[in-house]
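Take a look at this single chain in structure tokens; it is the form predicted on its own.
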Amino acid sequence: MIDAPTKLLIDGELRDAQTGRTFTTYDPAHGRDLANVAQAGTEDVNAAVTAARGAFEGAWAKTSPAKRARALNRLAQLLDEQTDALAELESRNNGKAKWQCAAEIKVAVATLELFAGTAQHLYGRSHVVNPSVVSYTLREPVGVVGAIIPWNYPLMMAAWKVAPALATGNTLVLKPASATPLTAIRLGELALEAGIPAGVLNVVPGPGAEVGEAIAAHPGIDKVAFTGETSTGRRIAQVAAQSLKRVSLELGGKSPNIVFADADVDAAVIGSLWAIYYSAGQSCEARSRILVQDEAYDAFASAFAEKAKSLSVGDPLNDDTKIGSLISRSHADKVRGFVEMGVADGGELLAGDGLSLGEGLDGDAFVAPTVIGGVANDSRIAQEEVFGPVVTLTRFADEAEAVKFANDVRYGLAATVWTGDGARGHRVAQKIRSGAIGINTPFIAFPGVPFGGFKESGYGREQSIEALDLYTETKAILQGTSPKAANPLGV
């Protein structure tokens, strides 16, 4: 067990669940218990919503945009100062390499700073309707936001929700994933230290079937922001629709990585490794389908498989570890099942058939970087989200077929195009139905760049100025300017 905050944070206080229930969160890489955490229930969600509503109508409503900006910048500073400790806590909690967790905390810092800069710049517009009427618009906060975040990027995803919501004057009830609640609770504590009033940010860990449902259904919550799997997002949308809440959803993906024959193969290999194996493939935008033009297929497949075999898999706390554990044994079993299915369906296992780990690690929670070649684009493993360090290789003949294969899935979150022809890169990017597309780069998510999906990858954009639309209402105010009284009925 470790020393970390493990209670609910409601109205500025760390407290036990009203039922007294707790649950255990784990260190998956080492196969041991990590902490006992207070398990919120419906009653705790009610209390958190009451606190958030009180803060929205009270202390936070009286906080000027300039003070909101200062508080967010101070929170960013506190996160920055505690990056190492937070990265270790997160690494232990989800099995990801510590250096990757540290990089994600820096993204959280940048996200808070980005939206702190928007707090004083929520501009409306003015309009002369006719010579007798002038109008202007105001951007006002939606109200109380319910934010539900996943286990793969616990602190970073929390910041993606917290930053725009607080910058625009909303208050939050934040539900972290049950597998990884520890850094979210710590974020709530640091928010208080940064000067954000009690009740503005409340943290309620607990099972999605109870806490997530309660948030989506609660009449006191005005908007739900969710990141997670598509089936859960669909359920949240259904429940939230009963009270016509605003909803934004960032969901699953089965993203293509297209390698044309004229591409720099070495650069494409190195970039494609990052695009799938970062976060052990447990990332919604992972480019898990590599589509390779026939003329380049053999050279790319050989080089990529050899590089995949060279990636170090091991203790997430070691600096040289490239790939840590998966989130749990059960999830690793699911990923291994996909690999078996892919081979049974005719794929060729090019990498991933061996794994050597150091002492003290739970081998059942690890999966080696896996490459399956010769996969048909309509096979299950090329269509379903694996969410692990597994990539498929599929041949294509020409540009038209590459675009067809890229779009022939139910998701549309991200894509990458590798080509030596600049015009082709832009032409193909415009034809792919995805929210973010990199040309000769695997990186598609930065603070300031819109992030979100098409199709069953969800709706709404985060990480950018467009996110402000998700957390504000537009109000129109009209002023009559004529010296004569308006008398449309002629009475």
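Given the structure is predicted, the values throughout are model-derived calculations rather than measurements. One-based numbering along the sequence shown.
Heads up, the form predicted together with ligand NAD isn't pictured, but that's what we're talking about next.
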Which listed residue (R235, K322, R336, R329) meets the criterion of a heavy atom within 4.5 Å of ligand NAD in the predicted bound form? R235
The one residue among A344, L138, A209, A267 placing a heavy atom within 4.5 Å of ligand NAD in the predicted bound form is A209
Please pick out the stretch from 399-407, 355-363, 146-154, 182-190 that is in contact with ligand NAD in the predicted bound form, where contact means heavy atoms within 4.5 Å. 146-154
Can you tell me whether G252 touches ligand NAD? I mean in the predicted bound form, with a 4.5 angstroms heavy atom cut-off. yes
Whether C284 contacts ligand NAD in the predicted bound form should be assessed with a 4.5 Å heavy atom distance threshold; does it? yes
Is the gap between E385 and ligand NAD in the predicted bound form 4.5 Å or less for some heavy atom pair? yes
Can A301 be called a contact residue for ligand NAD in the predicted bound form at 4.5 Å between heavy atoms? no
Taking a heavy atom within 4.5 Å as contact, would all three of E213, F226 and L413 count as contacting ligand NAD in the predicted bound form? yes
Which residues within 164-190 place at least one heavy atom within 4.5 Å of ligand NAD in the predicted bound form? K175, P176, A177
